[in-house]
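Next up is one chain by itself, shown in structure tokens, the form predicted alone.
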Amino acid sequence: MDAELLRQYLEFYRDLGIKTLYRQSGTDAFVCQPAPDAPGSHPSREREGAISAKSLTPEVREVLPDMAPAGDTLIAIQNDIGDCTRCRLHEGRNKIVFGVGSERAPLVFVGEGPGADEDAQGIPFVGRAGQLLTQMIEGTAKKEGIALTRADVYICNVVKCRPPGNRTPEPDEMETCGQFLCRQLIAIRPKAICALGGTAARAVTGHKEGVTKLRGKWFQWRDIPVMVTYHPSYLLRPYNQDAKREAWEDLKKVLHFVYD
């Protein structure tokens, strides 16, 4: 682990009030990141972020804490973010875009990062792509006989500040902001997650393949099923008619899994 990333993790634990960290034997550090498990697997507690005593050196018999404090809530996470300056993305942002929806939502949609409209309003997916996402959620639900509106799900992004020119977030930016996404997902504990686009898919599943190879398949974040599909902004392009049909099929799978 490089020095800058280590510093970020130490600052995070300091903010949680943790005074002492114990190093795991045979490794540099540990992080709270999604486990790219095959569907149907059951991650152990060790893979959920807690390192068992038996994995430490004989002199240290302690359990390292998870990245998320016990009893975490969305309000607490948002307060911890504060007026964030942890990475370079804060330099050009207007508003932090935390997330929107119910803390008890059984379905969470994760996108890449805010665009211009989201940066102006502080709400995820409110521009053209967001309007399409709303239509997809509510339109698909209605056709499938499911009573569901956008307000019933939770929507957030991997990074909370708009990348300059809507560029793809850099790995260190995703890593820095990823701790808060991790905590959001733990606090909500949805029945399923829908990853929108390649950046969200990499962040949540840990897989590096493109969306076309990942979409329509079930993965897991910890023990929560994850469906990968196209980002709505990709579907806005006029030549992506096949992708639109595939995205609607993906969404049908998610909705029936969660709400049937």
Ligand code: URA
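Note that residue numbering begins at 1 and tracks the sequence as displayed. Please read all numbers here as calculations on a predicted model, not as lab measurements.
Keep in mind that the form predicted in complex with this ligand is missing from the display, and what follows is about it.
The partner is not drawn, yet in the predicted bound form one stretch among 138-146, 124-132, 183-191, 79-87 has residues with heavy atoms inside 4.5 Å of this ligand: 124-132. Within 4.5 Å of some heavy atom of this ligand in the predicted bound form lies at least one heavy atom of His231. The closest heavy atom approach of Gly115 to this ligand in the predicted bound form falls within 4.5 Å. For the partner-free chain shown, just Asn157 of 143-162 comes within 4.5 angstroms of this ligand in the predicted bound form, judged by any non-hydrogen atom.
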